[in-house]
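A lone chain, given as structure tokens: the form predicted alone.
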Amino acid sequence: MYEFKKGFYSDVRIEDRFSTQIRLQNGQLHEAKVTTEKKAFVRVFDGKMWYYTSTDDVSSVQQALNELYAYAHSDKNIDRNPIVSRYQTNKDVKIVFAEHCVKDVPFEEKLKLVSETDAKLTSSLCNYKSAQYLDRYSLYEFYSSKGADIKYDFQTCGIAYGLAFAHGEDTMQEQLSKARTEFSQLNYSDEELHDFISRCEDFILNAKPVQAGSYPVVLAPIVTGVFAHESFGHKSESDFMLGDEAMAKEWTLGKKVGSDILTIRESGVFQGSGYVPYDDEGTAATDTYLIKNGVLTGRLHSAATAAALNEQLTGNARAISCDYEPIVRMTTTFVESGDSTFEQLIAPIKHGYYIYDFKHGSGMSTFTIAPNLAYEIVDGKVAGPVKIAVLTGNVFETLGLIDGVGNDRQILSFVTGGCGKMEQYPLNVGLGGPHIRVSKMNVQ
């Protein structure tokens, strides 16, 4: 399709993206936007330096390649370069969303869905509501001088409702959201909406301040997922340890880093917001065990980091769009299921806390998770709601304190927000896991 010049490695990545954004505030339409764009990212590597450019004129890709070749310097041994030799030459067409594409759903149906659900979310304690409908369909193409020829698609759609509650001087905000790969799967039942409002009202009316200290804690699947992503997933992105001897030593493969019952995986094969069958260097998705039975067994790579550390590709070179170069990023990161029921996890806890969901999280060597809804556990039973500002701790210490893993793993998708790294935000990722119990966690 393109004329790739000998003596260089070069590749072309093209994305044809369709997206819809609808936003309501207090029931009134504030934004309605349908966007289509097609862009290409073009790279040339001469063994010493990368040259790249981005263009929204896909017909000019060959011209862009030729201009980059003019800057670079030919290397007759380029195919033996340790980075280039790792690039895969996949040839594949993987179109899985065409039969239920969000492009084919009339805009009026999308507006009706978000508006009707928003109207059902009512409470005398709610003083502000926002509602969003978001979707995206992307058709990707990837071609390389080594012969890669790939075409695949990606789709996600979702609804998200943000509500602010007030009672006296107490305030709280909570979000209800759902993300799927098919528009027909986005409906909420009346029972689900009623349960959400009831839980929020109970929290703002009855939540009491937590007494800071160290307690056993049970994390709900969504919180388990954000813990795995923030506290461990980012540390598994191997570009962080290049040139950092202390970090490379800390992250020696085969090192015991967690409880025997802890396994964390990372994979692009799950359909959802972390679905990445091929990364932005044309590498096929892998199922990578980052931790297996408490032992550090893998990390995430681009071709450059795999070459630097003499390890295998994992399919984790990603960019948020064709405006950016690929860097090492997660896809779907999750804790694997164990064998305990939720009741078995909370039964031995005399006094602790159940973290039902979260506001935000962050972490590298230490982590923080800011809960939203949380509950006290008393004598093995979930009790009343509590206000917790933050959970914090040392990553490795906390991984070793996991002493219960549920049998109820969930793989979760999102359409709002995303993962941020360097200047590239937001990147679509998935996360998840089961309920897990940590024997001791700092609660404030």
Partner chain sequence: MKTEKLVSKKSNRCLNVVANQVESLRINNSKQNTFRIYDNGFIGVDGSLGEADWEQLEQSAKAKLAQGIDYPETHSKQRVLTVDATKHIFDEKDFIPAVQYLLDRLGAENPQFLFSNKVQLNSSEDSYENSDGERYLYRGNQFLLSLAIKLKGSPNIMDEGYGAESLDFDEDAICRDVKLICDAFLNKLPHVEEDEVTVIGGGEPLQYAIQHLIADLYFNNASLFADELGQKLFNDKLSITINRNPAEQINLPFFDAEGVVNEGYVNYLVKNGVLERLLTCKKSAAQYDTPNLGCAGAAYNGVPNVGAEGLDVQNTATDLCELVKGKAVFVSDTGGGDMTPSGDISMPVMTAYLFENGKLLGRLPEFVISANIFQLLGDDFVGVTDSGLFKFGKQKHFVYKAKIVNKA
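None of these values were measured; they are calculated from a predicted model. Numbering follows the first chain given and starts at 1.
Below, we turn to the form predicted together with the partner chain, even though it does not appear here.
Proximity to the partner chain in the predicted complex, taken as heavy atoms within 4.5 Å, picks out 123-131 from the listed stretches 74-82, 259-267, 335-343, 123-131.
With a 4.5 Å cutoff on heavy atoms, Val390 counts as touching the partner chain in the predicted complex. By the criterion of a heavy atom within 4.5 Å, His234 is counted among the residues contacting the partner chain in the predicted complex. Taking non-hydrogen atoms only, Leu29 approaches the partner chain to within 4.5 angstroms in the predicted complex. The shortest heavy atom separation between Thr53 and the partner chain in the predicted complex is within 4.5 Å.
Residues of 247-283 that come within 4.5 Å of the partner chain in the predicted complex, judged by any heavy atom, are Met247, Trp251 in sequence order. Compared with the form shown here, the C-alpha atoms of Ala246 and Thr392 sit at least 3 Å farther apart in the predicted complex.
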